[in-house]
Ligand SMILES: Cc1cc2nc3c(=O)[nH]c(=O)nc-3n(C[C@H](O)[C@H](O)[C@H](O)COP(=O)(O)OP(=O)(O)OC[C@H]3O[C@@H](n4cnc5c(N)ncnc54)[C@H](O)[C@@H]3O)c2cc1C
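This document starts with one chain, in the form predicted on its own, laid out as structure tokens.
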């Protein structure tokens, strides 16, 4: 990296780095986090937030691991704000899984609006960080160079994009997806919708000069921000659908694990009842909106491979996601009868998995999808807003305290 943020190697792409970061953060996850979590004093200053989101995004580390580590040192009451933040991610994922139509609408809107705004001067200035708005232009450069923004900065950014610059929210969300290391369809899309008043319908988030100045320690105090936020208008939110159910694996069949970027810690998903004759690694640039996220995952999987080969005592083969016929032929040559893969949430990998599943089954191969117990426990409760969901958190967490 080159530029003002080039000295920051903020996210070493490895599971052991995630565990080290978690260990360093845990003692601050209680009162310190609650008091200072909204403050963003810059990428060169110590954060009061965990900065675990890229690792959680690809499940190099799991939500259960993070929450258990925190509860080993703090009571739920003391660490509630941080635990809720982890569960916000779980809630967003579940909410979108129950309403996949919202993601499909977003994808179509990006395709529709991108050419319409191809020569829009306001959009060009926003993407280049040349709007002249204090703070906003800095966040553009910080995002592009580091792949990360503090959550409060993301909210300010989205609010300015929507209400001050009056640009389509979907193009802002697309900009985030193309640059964030933790680019996630659910958290990103629904957070932008929330700022614009579409998620909690009629309730917007308006960035103000005073709020930005307060929580950036006076680094920024932008003039000329919108003073009013009229909620955006969209199609009605669809009713929640039931979660999909899947057939169990057949332990008598020669099985292979299909590992993909949505879940990179199979050791915590598959117990001793699973035996793999082969591991296939699916990692392709077409599964990512930006090069930075692809590079992060590629480096993480390079480190992951040797550990998987040692644990499961099989080789790991990379497969070409674009070569559909070759993938099936290769599986058959390995005498594999059953493919087992972690569940994929809405996004680019999920679309590939769904198409490939039908092709595998048409070729006479069994295709088994396994969803995590964490998701099975929490997602069905994402039927309404976060606050009804929040009430269920303490009881549901008890299931995972021995995990």
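Positions refer to the first chain, counted from 1. Predicted, not measured: the structure shown is a model, and the values here were computed from it.
What follows is about the form predicted in complex with this ligand, which we do not show.
- The candidate site formed by 52, 183 and 188 is fully in contact with this ligand in the model of the complex, as each residue has a non-hydrogen atom within 4.5 angstroms of it.
- Heavy atoms within 4.5 Å of this ligand in the model of the complex are found in one stretch of 315 to 323, 300 to 308, 136 to 144, 88 to 96, which is 88 to 96.
- Although the partner is absent from this view, residue 26 stays clear of this ligand in the model of the complex, with no non-hydrogen atom inside 4.5 angstroms.
- Taking the partner from elsewhere, residue 149 is found to have a heavy atom lying within 4.5 Å of this ligand in the model of the complex.
- This ligand in the model of the complex is not approached by residue 106, whose heavy atoms all lie more than 4.5 angstroms from it.
- Proximity of residue 176 to this ligand in the model of the complex falls within the 4.5 Å heavy atom cutoff.
- Shown without its partner, this chain lists 327, 170, 155, 212 as candidates; in the model of the complex, only 155 has a non-hydrogen atom within 4.5 angstroms of this ligand.
- Shown without its partner, this chain lists 288, 82, 280, 276 as candidates; in the model of the complex, only 82 has a non-hydrogen atom within 4.5 angstroms of this ligand.
- Interface residues of 24 to 45, taken as those with a heavy atom within 4.5 Å of this ligand in the model of the complex (partner not displayed), are limited to 33.
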